[in-house]
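Consider the single chain below, provided in C-alpha cells and representing the form predicted alone.
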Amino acid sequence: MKVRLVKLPLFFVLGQKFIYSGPHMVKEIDALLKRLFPICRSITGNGVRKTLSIIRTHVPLKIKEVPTGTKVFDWTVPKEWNIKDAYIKDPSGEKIVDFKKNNLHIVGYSIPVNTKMKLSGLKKHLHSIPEKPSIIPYKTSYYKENWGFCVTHEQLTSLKDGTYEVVIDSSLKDGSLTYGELLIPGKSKDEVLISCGICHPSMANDSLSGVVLATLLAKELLKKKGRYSYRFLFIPETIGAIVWLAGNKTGAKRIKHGLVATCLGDSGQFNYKKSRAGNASIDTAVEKALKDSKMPYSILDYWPTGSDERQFNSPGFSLPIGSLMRSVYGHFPEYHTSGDNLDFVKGKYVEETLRLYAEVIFILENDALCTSRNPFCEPQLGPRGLYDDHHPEEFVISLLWLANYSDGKNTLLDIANIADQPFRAVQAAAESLEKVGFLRLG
C-alpha cells in the first residue's frame, strides 16, 4: 500500500472536548515513562501498588484488592509475590548478578533462596538467549513454584567452575491481586473500554507504553463529558482481565467498543488486531482512522493469543474489543528482553499513537445514523452557502454523498467509507446539512 506521511492535527475535537497533543504532551509522556520504568512489577505485589499510586497522581483511580484464593471462572487468584533483593556471587565473592541493577535478572515469582551451589547445579536455574548474547531475557513462573535468574548469554558462557552464593530475598504468601479502575461517566451508560497491563517489570513497549497512553488519555477525557462513558482498566495481564470479567459479568454488557493498549511506543508502523467478530464498529472506526491518517498500517485478523483481547473476546463475553498497536508483540527483537527499554521507546512515538487513539474516539463519539429531510432529489446547496469555492473539495463532495446516502440506514462512518472521504470531512458536511434543516443525525 502506497501512503503519504502526514501529521494529524494537534487538537482533536471530541464534541465540545479537546484532546491536546504536542511537545508538552511528549515531555509528560517521557517523564511518566522514566518514573514508572524502574519499578519491579508482577501480577501481584507492591510493585503494582506503587505503579497504581503514581498513576493515581494523574487520574482518580479506584484501586481494588482481590484476595488470594478467590475463584474466578477456571482460575484462582495466586499468592502475592514481593521481592527485596536477589543476587549471585561468584567463587571469589564478587556479586556478578544483581537484581538491584536490573530487575529482569530475577525470574518473576521466584521463591526464596539462600544457598551455595556448584556451577553445574546453578546453570539449571540460569536463563539466556544464545542468539541474542548481549541482552537479558524476561522470564516468569507464576503458577509453578520455582526460582531462577536471567543473564546475558555472554555472561553465562564466561562463568568459571566453583561454588556460587545464591540469594533471593522474596516472599510468596497469601495476599491479594491489585488493579486500578476508572469510569468517566458520559451522556450514555454505553461504554468504551481502554485496558492496559501493569504486570511487566522494566518493559517499556510491551505494556508500559500502554499504561502511560491510557493514563494521559484518561486525564484528557476527564475534562468534559462525552457521548459515551469511558472505562479504563489498569490490570495484570491475563489473570487481571479474568478477575475483572468474573466480577462484572453483567456490567461488561455495557461495553460497546474497546481497545487493549500495548506496544505503542516504538517506531514501527501501526497494526490493528481486529475483534473476534471482525466486523464490529470498533474495527471499522480504527481502520478508518488509520486510513485517514495517511500513515503506514496493517489490519490483522483476530487470533486467540496475545494480550487481554483474548479474554474480552472469549465466547461467554464476545466483547467488541481489538488491539491497536505499533510493532506487534512477539514480533520485534526487543520483545520480552532488556532491549525493550527507554532507548527503544520514545515519548514522541507514544504521543503519535495517542493522537491516533484520539481520532478513533472522535469517530466513535461523532458517528450517527443519517436521515435526509429532503429525500426527493439533491438539495440546492448554493443559496445556503454550502456550495462555493470557499469550501474544501472534500467538504463539497461529502455534501453530495450525504444527500444521496442518508436513507436512515447508513451512518456517517458508513458514508465516509462508501464515499472514500475522510471521516472529518463527512462529519463537518453533515453538521452543516443538519444546521440548514436538510439532515437529521441520530
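Just so it is clear, the structure is predicted and the values come from calculations on it, not from any experiment. Quick note: we count residues from 1 along the sequence shown, nothing fancier.
Another form exists, predicted in complex with another copy of the chain; not displayed. Remarks below refer to it.
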Does the 4.5 Å heavy atom contact test between D74 and another copy of the chain in the predicted complex come out positive? yes
With a 4.5 Å heavy atom cut-off, would you call K100 a contact of another copy of the chain in the predicted complex? no
Residue contact check: Y405 to another copy of the chain in the predicted complex, 4.5 Å heavy atom: yes
4.5 Å heavy atom contact, I184 to another copy of the chain in the predicted complex: no
Okay, which stretch from 84-92, 355-363, 306-314, 150-158 lines another copy of the chain in the predicted complex, with non-hydrogen atoms inside 4.5 Å? 306-314
Of Y335, Y230, Y349, F344, the only residue with a heavy atom within 4.5 Å of another copy of the chain in the predicted complex is Y335
Of these, I135, I242, M117, I299, which has a heavy atom no more than 4.5 Å from another copy of the chain in the predicted complex? I242
Looking in the predicted complex, the residues of 343-376 with a heavy atom no more than 4.5 Å from another copy of the chain, listed in order, are S372, N374, P375, F376
